[in-house]
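Only one chain is included here, represented as structure tokens and corresponding to the form predicted on its own.
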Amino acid sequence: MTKQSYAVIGLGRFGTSIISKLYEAGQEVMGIDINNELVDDVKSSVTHAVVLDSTDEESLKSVGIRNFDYVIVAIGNDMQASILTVMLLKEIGVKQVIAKAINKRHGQLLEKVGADWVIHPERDMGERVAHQLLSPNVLNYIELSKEYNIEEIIIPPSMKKKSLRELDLRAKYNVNAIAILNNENLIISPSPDQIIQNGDKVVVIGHREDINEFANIK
């Protein structure tokens, strides 16, 4: 994995969960908050921890914020501070600004001031839970667009001990297998002769309706 640099502004539950995962993955991570206690709490799980007011342009510049590959604005309930921070980051020249939205209107404003990616944690998690309840064989998914997904699916018993060539997923189900997860081994672009074993999971790409039909095969 290529090492990149991340700054996370706002060290509530959402922000701290992001930095812990990034730091565990060996990335360079700076944690930023206006609250001294919150900054002290994350010092052991970040590369740098800084107390500053993210609505102050000079303070942001003083930590070299423009040099980070990604800046995540995870400010909690202060919509004004969140919006102003995003606006300043883009004016300073940060290439990729990711921002947490409290609600739909907040998300729209974040997009207008330049956020490159707006995250709606509660809405997105709700959709993910509903998706998994409706399709229990789906373990994980990435939404590519309104119509297409990448999904990790438990192989149904009827498909085990067969090769991808025999299964012919593209012709029969209109989905493409792009990887096989075998125990802890990930096989990217598997061969048509790859045999599906017990416990294997397949990562497929395709239209949502086609994947849903495939995921519900018994």
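All residue numbers are counted from 1 along the displayed sequence. Note that the structure is predicted; figures quoted are calculated from it, not measured.
FYI, the form predicted in complex with a small molecule isn't displayed, but the following is about it.
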What I'd like checked is whether G12, D53 and D78 together line the small molecule in the predicted complex, meaning each has a non-hydrogen atom within 4.5 Å of it. yes
Which residue among I187, M159, L38, L169 has a heavy atom within 4.5 angstroms of the small molecule in the predicted complex? L38
Within 4.5 Å, heavy atoms only, which of I155, A49, I34, L164 is in contact with the small molecule in the predicted complex? I34
Taking heavy atoms and a 4.5 Å cut-off, does L88 contact the small molecule in the predicted complex? no
Heavy atoms within 4.5 Å of the small molecule in the predicted complex: does A74 have any? yes
Stretch in contact, per heavy atom within 4.5 angstroms of the small molecule in the predicted complex, of 170-178, 22-30, 187-195, 54-62: 54-62
